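For this one, two forms of the same chain are given in structure tokens, first as structure 1 and then as structure 2.
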Structure 1
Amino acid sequence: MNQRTMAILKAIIEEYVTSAEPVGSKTVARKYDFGVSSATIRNEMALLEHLGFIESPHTSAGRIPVEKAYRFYVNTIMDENLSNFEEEFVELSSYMEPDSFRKIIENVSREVSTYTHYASIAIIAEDGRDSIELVHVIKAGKREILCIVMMESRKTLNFMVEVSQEIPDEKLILFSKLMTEKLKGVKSFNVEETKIDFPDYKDDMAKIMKAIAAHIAEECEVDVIIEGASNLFDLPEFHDHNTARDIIRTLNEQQVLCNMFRKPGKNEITIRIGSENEIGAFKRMTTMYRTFDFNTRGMISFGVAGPLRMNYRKVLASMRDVDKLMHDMFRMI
């Protein structure tokens, strides 16, 4: 396959990305300046079809790219030069300042989905790798104990425990010290195995220990943020209501999304085209995502899901921007 053939494939793909209609040889000859006639383009297109990059829905229609074409496009012929896109894009770094961590991710998700017109998916996961840094118990009522746990990651949690009898303040201070001492460095799932001797208040303190374990476990759940799902329904390929329903279904299955996007270790942007995705409606879509691993602080996956004929350059540019933001935010990797 020579340069021109590749250029024609590129033209077909990029035309199809914007039009969503089968692309004919005349259109290519007219809109893209190859200096050859439509007949020549036709010969090239016959070759491309033979090679399995494009196919025609029927005899008298143009050609549409198949998965293999997009894969080839992404790997080989796409140039990442953004030219005119770049300027439209609101600098993500402006989102770094305010609010909580989750808020930032939410804002970034919204911005990316608005910019790309596809759906963005963010998964905030906290693993069991975090460990306890500090435990503190305070009297909050006659028989109510407020319990605070701070993790190594500086994440903290708190909750109330009802006890069977009043526990004097000085005892609580002692128990706080004792628990911090014994539990410091303990991973979430090992809390209940840790034996601590609490004179006089054995049962109540056992209850507290149990509560600590339960709350840490609960807090370590994942959070899924999806923005711009409705953008997908503006795309003709998803107008069919069965497809639409499948997409909504898939996007609602948090567990499935997590398994899909939480492939740790790879510190780079992953692009999955069509059947390279293993799940539900994604099999007919393209997903682009990146996992950020913050060790004890957890893990974030951020991705975009769109049609096969995704604007790969534009989405990739967004992903790189997100990448940069994450680097700035955590100064790591």
Structure 2
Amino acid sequence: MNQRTMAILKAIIEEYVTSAEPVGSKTVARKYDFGVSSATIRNEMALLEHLGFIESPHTSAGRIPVEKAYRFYVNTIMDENLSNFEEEFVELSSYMEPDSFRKIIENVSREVSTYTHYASIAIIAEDGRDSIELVHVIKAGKREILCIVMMESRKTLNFMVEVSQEIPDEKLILFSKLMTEKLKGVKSFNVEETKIDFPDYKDDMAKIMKAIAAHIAEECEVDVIIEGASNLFDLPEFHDHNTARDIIRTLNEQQVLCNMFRKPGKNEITIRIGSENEIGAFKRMTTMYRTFDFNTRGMISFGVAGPLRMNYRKVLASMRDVDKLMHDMFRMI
């Protein structure tokens, strides 16, 4: 894709983010100075459609971006100059005074929701700092494995996992030793991110690791704060009754939200677009989140959920500001 084609795709995406209406070649030619005719832009749009970045709704001659386009936009062509957003959000946040742990998160959530006009989701896990001390796996049946996990807090979990093949006892002894070596000291949020190489039983090892992560997550005491959910229903893509109902149902499933948003994301802001999300209504939305580890205070995942046509620059700016703000404020309490 050449520079002009990318610039036209960027214009289509940003126009659609603003208007929520299909974008035509005449609109692009009139509002964006590409120095070419609307016919040339129309040809470029035909190419973008052929490449699978945009599509034409049956009700309009204009084009709208699809999931692939938003991912390309975020990864490749989004303008990273965010200063015009950061200053405004800092002003909105500057009046917040240090208060209780939860109150700070409530305030930040409310401000981000007001600023972005999307929903904000914060998950506080005060025992998210708990780490693994020991893992032991025992054969309980031909293809059934009993997993025993002891946490540093001395909390002990045990559960069954069905594997795809019979695993010899000597291999399970090696499993136990290897998992304890790799997971000892790993915090509950980070289990699924830990990689263990056991080639002959790769799939079953991954299944056991996923089960460990899921059962630890279920035991964590969490507090979920959702602000601005009603903002979503102001957006045309969520006016449909069934879609709105799916969003409400998803936001009410606390454990599902925890499993989705608590993943660390390598200490970075994670952006999931459409089908990259794992659950319910979010498969038709964009989520952006960041997990913060505050050691003795536990872990917090903070995110924003909005439409596919999210204003990515604005939300990313607010998330970067939250990153700085959270660290500054927690040093004061």
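Here, a residue number simply tells you its place in the sequence of structure 1, counted from 1. For clarity, every value in this text was computed on a predicted model and none was experimentally measured. In this text, rigid core is short for the largest set of C-alphas that superpose within 1.5 Å between two forms.
Taken from the structure described as the form predicted together with a further copy of the same chain is structure 1, whereas structure 2 is drawn from elsewhere. Shown in the overlay between structures 1 and 2, fitted on the rigid core, is a CA shift at Asp246 smaller than 2 Å.
Relative to the superposed rigid core, the position of the CA of Arg110 differs between structures 1 and 2 by less than 2 Å. When the rigid core is held fixed, the Cα atom of Met179 travels 2 angstroms or more between structures 1 and 2.
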